[in-house]
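Coming up is one lone chain in structure tokens, specifically the form predicted alone.
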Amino acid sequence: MHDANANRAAQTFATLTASAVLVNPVGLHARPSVKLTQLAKGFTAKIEIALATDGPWTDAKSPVKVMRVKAPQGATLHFRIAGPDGEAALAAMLALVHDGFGEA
């Protein structure tokens, strides 16, 4: 019997990484955290953020965890993304940060 879900689960996806500088005046506070997590939840890819390339990594789909990052303006936000829509997710995350979360 052919199981499409098992085949999808067996696929491996390259981990994509990139970074962007927070340009909005107050950094990654409550409103930007919610915007980031809402955007991240629109993708099936695993999306993580960190303030350093070696982590610690935080689940970008968790508003509480993202708010705990407490990244100030000028901080570099690193992304690590893996999944079938990883490229689109990475592009969307970078665009959100570059746009200052609509606040800059």
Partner chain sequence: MSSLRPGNVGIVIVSHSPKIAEGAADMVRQMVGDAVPLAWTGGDVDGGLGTNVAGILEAIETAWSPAGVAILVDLGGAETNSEMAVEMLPEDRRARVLVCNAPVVEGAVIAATESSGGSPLAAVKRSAEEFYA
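Numbering follows the first chain given and starts at 1. The structure presented is a predicted model; accordingly, all values stated were derived computationally and were not measured.
Below, we refer to the form predicted together with the partner chain, which is not included among the displayed structures.
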| property | result |
| --- | --- |
| Exercise: Lys61 in contact with the partner chain in the model of the complex, heavy atom 4.5 Å | yes |
| Touches the partner chain in the model of the complex: Lys65 (any heavy atom, 4.5 Å) | yes |
| Contact label in the model of the complex: Val26 to the partner chain, heavy atom within 4.5 Å | no |
| Contact flag, Lys41 vs the partner chain in the model of the complex, heavy atom cut 4.5 Å | yes |
| Complete contact of Val69, Ala71 and Thr76 with the partner chain in the model of the complex (any heavy atom, 4.5 Å) | no |
| Neighbours of the partner chain in the model of the complex among 21-37 [non-hydrogen atom within 4.5 angstroms] | Ala30, Arg31, Val34, Thr37 |
